[in-house]
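Next up: just one chain, as C-alpha cells, the form predicted alone.
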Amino acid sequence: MRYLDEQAIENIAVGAAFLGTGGGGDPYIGKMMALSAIKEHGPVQLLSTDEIDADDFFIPAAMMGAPSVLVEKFPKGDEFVRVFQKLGRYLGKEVKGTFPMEAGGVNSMIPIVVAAQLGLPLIDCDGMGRAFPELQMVTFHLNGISSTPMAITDEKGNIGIMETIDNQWTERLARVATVEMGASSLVSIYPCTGSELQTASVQNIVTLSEKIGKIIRSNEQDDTDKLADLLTVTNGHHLFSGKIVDVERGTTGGFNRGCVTIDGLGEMADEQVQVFFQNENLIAKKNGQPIALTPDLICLVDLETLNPVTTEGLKYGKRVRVLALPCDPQWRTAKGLETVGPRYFGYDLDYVPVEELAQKEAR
C-alpha cells in the first residue's frame, strides 16, 4: 500500500499514455483532471490485488468513444462519479474501491479522480495491460465475467443502466448510445469481486505506468540511455525511426480510424513503415511486411523526448520512433486472439509474437 501524490500522477499519466498504444485519450487532459482532484481531496491510496478482500466489491469508471472528440468536447467533471455511483446504487452493494479498465492518458486518470473524490482506494490492475477500442476486449471477458450491469452517462446528464445477453451486445448497444451522446460517453462496467480482480485482471499496471513515466520524464539521462531503460522495463523492441509523411484519419462509428506513414531516417532512409489504427495502433508494416501485430503493443514516441504520441496527435513532419512490446500472456491464448487478434479487426494476417518478428527482422 502506498499513496499517489502529484509527482506520481505526472509519471502515471505519461506511462499510461505510452501503454495506451496511441489511444486512451490525451494524457494532458487526464493528468489535469487527476491533479485537480488530488489537490482538492488529497493523495489516493494504491492497493495491490493481494491487499484486497476476495469478497469485497469493486467497479471501474472509464471514457468510451473516439479520443479525438475530447479536444473539443471537454468533460464537465461530475460524469465520472455520477456513473460510478449510479452503478453502485443499482447493484445495491458497498463499493470498496475502483480500478482502471485500460491504460491510456484519460482512462488511467478517471479512476484516480473517482478515488480522490469518494475517498476510495485505487487497485493496481486493469483489464487490458494496454488500450483496446471495444468493451469486450478485456481480460475479464476472457475469464467469463459479464460486462453488465453497466451504467452509461454523458456530460449533459443523460444516464442509464444496461443489461445485455453477452459482452459483444454490450459493445454494440453502448456504441450506438455513445455516438448519440456526441461520440464520447462515460461508463462503469465489469463490476468485480476482489477474487475476480486477483485472478482475471492484468496486475500492477499502475506501478508499471509510473516506472515508464519516470524514465520518459527524467532529465538525468541522455536519450540513448533513456531508450535503453525504457526497452528494458517493458521488454520492448525498437523497430523504426522516421518522419511522418502522411496521416489518414477519420471518425466513424464512434472510433478514430486511419493509417500513418513514416519514412525512415539515417540508416533507415530507404525504408517506410505504416501503422494502422482504430483508436489504438493495431498493425505495423515495414515495406509492406508486418513487424508488429495486435495484441502486442505498438507505441509511437517522439524521436528525442520519447513522449508518447497519440493517434489524434499524429501530424505531418513529426519525427517518431516505433516501439513494440509483448502483450499480457492472456491475450496470446486462443480466446484472446479471437477477441483482439489481427483477423478480428479485418486484417488478413495471422498473429506472430513481436519477439519472433523482431528476431526475423534482425537476421
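Computed from a prediction, not measured in an experiment: that's the story for all the values here. All residue numbers are counted from 1 along the displayed sequence.
Same protein, other form: the form predicted together with another copy of the chain, not shown, and the subject of what follows.
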Non-hydrogen atom within 4.5 angstroms of another copy of the chain in the predicted complex for each of Leu293, Glu312 and Phe345: no
Partner contact for Lys285 in the predicted complex: another copy of the chain, 4.5 angstroms, heavy atom: no
Non-hydrogen atom contact Lys86 with another copy of the chain in the predicted complex at 4.5 angstroms: yes
Another copy of the chain contact at Thr199 in the predicted complex, heavy atom, 4.5 Å: no
Contact flag, Gly157 vs another copy of the chain in the predicted complex, heavy atom cut 4.5 Å: yes
Location of another copy of the chain contact in the predicted complex, chosen stretch of 99-107, 164-172, 274-282, 139-147 [non-hydrogen atom, 4.5 Å]: 164-172
Proximity to another copy of the chain in the predicted complex, single hit among Asp78, Asp223, Glu248, Glu180 (heavy atom within 4.5 Å): Glu180
Partner-contacting position among Ala269, Val176, Cys259, Ala228 - heavy atom within 4.5 Å of another copy of the chain in the predicted complex: Val176
